[in-house]
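The chain below stands alone and is given as structure tokens, in the form predicted alone.
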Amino acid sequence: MQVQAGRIGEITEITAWDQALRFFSFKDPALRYALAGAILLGLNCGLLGSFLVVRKLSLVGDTISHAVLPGVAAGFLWNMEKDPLAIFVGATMAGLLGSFMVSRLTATTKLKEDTALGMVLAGFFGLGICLVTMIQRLPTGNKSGIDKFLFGQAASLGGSDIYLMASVAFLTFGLVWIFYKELLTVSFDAGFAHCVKIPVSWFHHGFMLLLAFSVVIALQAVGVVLVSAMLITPAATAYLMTDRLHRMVFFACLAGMLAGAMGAFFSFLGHQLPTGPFMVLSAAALFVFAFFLAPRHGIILRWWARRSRSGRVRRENTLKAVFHALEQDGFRREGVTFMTLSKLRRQTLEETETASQELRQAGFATLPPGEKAVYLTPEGMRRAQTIVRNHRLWELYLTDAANYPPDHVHDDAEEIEHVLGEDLVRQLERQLNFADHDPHGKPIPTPEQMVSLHGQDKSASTGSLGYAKPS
């Protein structure tokens, strides 16, 4: 069986630049139909694929896309010609039958859903291949174009196909818009949906019907084999971009449309290049981009955030050590030598000097030439006091509220001191009745004491930190 995914615009050899200009002129009718179909396909698949991904039903899309092939063949055999309406009805019925069989297998046997999906996918697809092969052996079968439903041929899309795709897209968007809250509830908490009297089974089967419609209209563009990729890849891309479903739906639709347009462009730009596979490759490229550079879940930005946080924690630990050294000396000195700091931090002198240079670069300290010592700037002192305050407040909270032994709270406070926000710190202060000492008897700095080291009255009438007590 000769199967080939067609491309847009079988034309004479011209330069890539001229071909690109021709694409953006939109003069070719075949190009306009293929581009409109690809965009509508991406839009529809992105919308429904979002719900598939969040419901962990990705394999359902793959199963339905393969299950429709026998229906395509049956639609052709109905009147022995490639009638779009007969094929649409036949493919939709086959897709729904496949979805129904999966539901019955999981409900009446011990089989898990993934097993049932795999069985239905393989069985229906095998039956479809047999029927397509049988059709091609008929006297007019080789010219029927039925084989194009396997891998798609966007160049063969016509006006009636675009109207059908647009109608299905309009229907899908309208229903999702009307029943968005119910779909949201069913997708994330089916048990709660049952409790509030939402007909979960009706919404599930209605969604499967829309999914079957979307799969069928996508067959001629990308084919049975690749339609599941267009259902899942744009939605997976959007899943990496946001944690809100309404934004995910928007990003998935945008990624699907962009993948469709890119597939049409690259297919038109090359020679003898198929449109459907290029749409899938474009969607995969967008996913790779999101995988590395998504704002919250991209691995590069996450690596950078971890690296930045690691550097911040390292600087804050050094600031805290400088503060402890000054506190042990009763704040009689303004600087701390590298030797003293290295002993407190249990580091080598070289590591201590490097850490001090990081404080200087961040504007938290100065390193006078010729002195092996670090002096905190006013901003550095305020930051050091903040870290110490967070640490000691958390120790006191764990001791008083969680009944931790005082000698077991230090390690936990070491972790939490770097992430406590000011609002939570203020809440802790109120809950602890503005305590001024931690479980070990050490003073807790207050916001009013966030001042520089020098120029203060260090007499006995001031607090043990050397700062004037707030009124």
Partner chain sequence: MRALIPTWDWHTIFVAPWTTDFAIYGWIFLMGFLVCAACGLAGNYLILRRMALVGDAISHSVLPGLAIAFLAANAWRTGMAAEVNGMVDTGGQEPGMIHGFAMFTGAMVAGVVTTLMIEIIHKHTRIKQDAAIGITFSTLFALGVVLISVYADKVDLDADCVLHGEIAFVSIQPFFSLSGVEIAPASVVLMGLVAILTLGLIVVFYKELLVSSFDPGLASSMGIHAGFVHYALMCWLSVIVVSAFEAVGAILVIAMLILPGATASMLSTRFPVVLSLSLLHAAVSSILGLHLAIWLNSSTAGSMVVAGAGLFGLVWLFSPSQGLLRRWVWLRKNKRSALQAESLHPPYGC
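Everything numeric in this text was worked out from a predicted model, so none of it was measured. Positions refer to the first chain, counted from 1.
There is another form of this protein, the form predicted together with its partner chain, and it is not shown here; the text below is about that form.
Put simply, Leu349 is far from its partner chain in the predicted bound form: not one heavy atom of it is within 4.5 Å. Of the heavy atoms in Asp62, some are within 4.5 Å of its partner chain in the predicted bound form. For the chain shown alone, Asp114 is a contact residue for its partner chain in the predicted bound form, at least one non-hydrogen atom being within 4.5 angstroms. Contact check for Phe287: a non-hydrogen atom falls within 4.5 Å of its partner chain in the predicted bound form. For the three marked residues, Met101, Tyr239 and Arg302, a heavy atom of each sits within 4.5 Å of its partner chain in the predicted bound form. Only one segment in the set 368 to 376, 127 to 135, 213 to 221, 318 to 326 has residues whose heavy atoms sit within 4.5 Å of its partner chain in the predicted bound form; it is 127 to 135. Only one of Val313, Met93, Val168, Leu281 lies close to its partner chain in the predicted bound form, with a heavy atom inside 4.5 Å, and it is Leu281.
For the residues Ser160, Ser308, Ser201, Gln357, the 4.5 Å heavy atom test against its partner chain in the predicted bound form is passed only by Ser201. Of all the residues from 159 to 194, those having a non-hydrogen atom no more than 4.5 Å from its partner chain in the predicted bound form are Ala190, His194.
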